[in-house]
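The data below hold one chain only, encoded as structure tokens and taken in the form predicted on its own.
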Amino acid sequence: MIDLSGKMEGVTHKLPIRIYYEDTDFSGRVYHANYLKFCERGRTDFLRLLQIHQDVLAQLDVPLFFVVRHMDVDFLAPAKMDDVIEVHTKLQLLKGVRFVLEQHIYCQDNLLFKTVVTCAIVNDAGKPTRIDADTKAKFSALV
């Protein structure tokens, strides 16, 4: 059976993604904004494999949501149609009301894209909120 959520290798989540025509621009290379979408998929499946389910967090007594607060991005090389890329996601920091992830996108052994993403933890009013103990424990196993 194929695991659509990728796999954990040690503390790094790896998600393979095939590049389709719809992912490319007129030049046949991946449109730059799609790298952000690929990273979002990587973050979502990283959380899923840690058993951190965002729909469950939204149902807590004090609902919690993860929002992207800041991203540093570096475009290094293009992916093309039919390439199979792999999004690597790794926790860098968990502190207070935020966590920081490092994400790299590879095609074979070639680094194409890298980003450092700061995510804030907010309540349903959008106010920064400390993470619940259960979710913190799941993250802490990776630090």
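Source: prediction; values computed, not measured. Definition used throughout: the rigid core is the maximal C-alpha set that superposes within 1.5 Å between two forms. Each residue number is its position in the shown sequence, starting from 1.
One more form of this protein exists, namely the form predicted in complex with a further copy of the same chain; it is left out here, but the text below deals with it.
- Taking the partner from the other structure, a further copy of the same chain in the model of the complex has a heavy atom within 4.5 Å of a heavy atom of Q54.
- Looking at Y106, you'd find every heavy atom of it more than 4.5 angstroms from a further copy of the same chain in the model of the complex.
- The closest heavy atom approach of H88 to a further copy of the same chain in the model of the complex falls outside 4.5 Å.
- At the 4.5 Å threshold, heavy atoms of L4 reach a further copy of the same chain in the model of the complex.
- Within 4.5 Å of a further copy of the same chain in the model of the complex, a heavy atom is found for not a single one of R130, K136 and V143.
- Contact annotation: of the candidates L93, L111, L60, M81, the single residue with a non-hydrogen atom within 4.5 angstroms of a further copy of the same chain in the model of the complex is M81.
- Contacts between 29 to 49 and a further copy of the same chain, taken as any heavy atom within 4.5 Å in the model of the complex, involve R29, Y31, H32, A33, L36, K37, E40, R41, R43, T44, D45, R48.
- Shown in the overlay between this form and the one not shown, fitted on the rigid core, is a CA shift at D134 smaller than 2 Å.
- Core-aligned CA deviation for T24 between this form and the one not shown: less than 2 Å.
- Taking 2 Å as the criterion, N123 counts as shifted between this form and the one not shown: its C-alpha moves by at least this amount when the rigid core is aligned.
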